[in-house]
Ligand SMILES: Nc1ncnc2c1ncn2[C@@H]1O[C@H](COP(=O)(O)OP(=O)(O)O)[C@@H](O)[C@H]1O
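Just the one chain here, laid out as structure tokens, in the form predicted alone.
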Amino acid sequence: MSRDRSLSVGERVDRARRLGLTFARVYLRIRSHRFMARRLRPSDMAERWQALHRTNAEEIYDVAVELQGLILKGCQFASARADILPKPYQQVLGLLQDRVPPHDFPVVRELVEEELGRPLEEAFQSFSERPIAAASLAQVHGATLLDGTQVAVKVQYPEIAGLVRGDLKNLRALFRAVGWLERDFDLMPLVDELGANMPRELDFVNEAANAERIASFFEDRDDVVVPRIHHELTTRRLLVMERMHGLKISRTAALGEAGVDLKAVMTTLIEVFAEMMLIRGFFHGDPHPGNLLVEPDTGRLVLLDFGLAKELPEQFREQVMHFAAALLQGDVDAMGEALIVLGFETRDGRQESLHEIAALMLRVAKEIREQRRVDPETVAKLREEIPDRIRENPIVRIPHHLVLVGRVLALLTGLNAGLGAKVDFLKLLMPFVLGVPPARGGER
């Protein structure tokens, strides 16, 4: 097996053809609907657009499942970009998280032995042939070390680096063409972000370093844990870590039956991410339920999968604090200025372009002032309205770190509602925004 096998010219052309034909059909459908909306103006145009978006999303879903690799990873990533894609795309492409078929065990064995330079039996007492999980870049197997230690082994697919290189070239060419045809529909930020993130996500030594850095933030907490890394068996394409056992945080009924205090778990989760983002400036960028476990016997929160971790700008907390102050004062001009400082870019370079977004956010500020709390229904509605306004307004792009921060906050609010924990986000977050988090071990 050759390391990081590159695609042949024929393979790359075939993938480009399949991808190009799919996007051509999607594009032509969008153009026909635009013509219909402008010239014919049917009364049910809004419903027609929603139906079209779902049809297009389902076709893109099918090609992602077929081609795998970066195409699938990119669609998973795009499903979180509410600022770029309408809701039907988010809903359909979000299902790709669970649609990755695992590689056969002989392929896994060969890669593990190539990375370690020795037979599998010389490194592991046992190694499960059936994976625990399969994702877009790698799959995870349970194993036991020679000393009896239980571990989880993350094995990168042997062809994935070659697929990433070829698919990035194809996507750049395709999205440049889309940008030339549609000046108001810029998909290049997605490719730029994938191009910047993928080399780091494909380097498991980097992922191990991310895990240990985040673990160091919470060494004195007994309610959160990060798996220990076995460096002697970890390489760029192989990650061996402590095996953690727990229930997905989304399994509310099972956690309740186990006697887990869901409000305490949710409080820990919010505090952990607040500390990472607002105090440490480095955070886990993909906290979906598959990466968050709860130990039923101890109630401890387990953080997994640190391939996507993000360094925040040095002045991020201060920028957030200025925006929060403008928000609470109801100063739309100051909010627009704060959004520019945070990294929002507009086509005309003027902060007035952000005023409509700021006005929507002021609804939350008014609720906070009047009710001392944020109504979950309002938050849910804003999560839909703000991305819609961003897509309609003359905004060029939102910085990637803010996209990830927004995604984390959306996931946390969704989990809070799903768990029925009713944790007061504002009360927990405000000390971190102000830079004075609660003392460890004392009352919250």
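Numbers for residues come from their place in the sequence shown, where the first is 1. Nothing here was measured: the structure is a model prediction, and the numbers come from that model.
Missing here is the form predicted together with the ligand; even so, the following discussion is about that form.
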Exercise. Give a yes or no for N197: in the model of the complex, does one of its heavy atoms lie within 4.5 Å of a heavy atom belonging to the ligand?
Key: no
Self-check item: Non-hydrogen atom contact L360 with the ligand in the model of the complex at 4.5 angstroms
Solution: no
Quiz item: So in the model of the complex, does any heavy atom of K154 sit within 4.5 Å of the ligand?
Solution: yes
Quiz item: Quick one: is A138 in contact with the ligand in the model of the complex, heavy atoms, 4.5 Å cut-off?
Solution: yes
Quiz prompt | Residue among L171, A326, M244, I214 with a heavy atom within 4.5 Å of the ligand in the model of the complex | solution = M244
Quiz prompt | Contact residue in the model of the complex, from V320, L304, A143, V225 (heavy atom within 4.5 Å of the ligand) | solution = L304
Quiz item: Thinking of the ligand in the model of the complex, which stretch from 258-266, 273-281, 236-244, 118-126 has heavy atoms inside 4.5 Å of it?
Solution: 236-244
Exercise. Scan 265-287 and write down, in order along the chain, each residue with a heavy atom lying within 4.5 Å of the ligand in the model of the complex.
Key: none
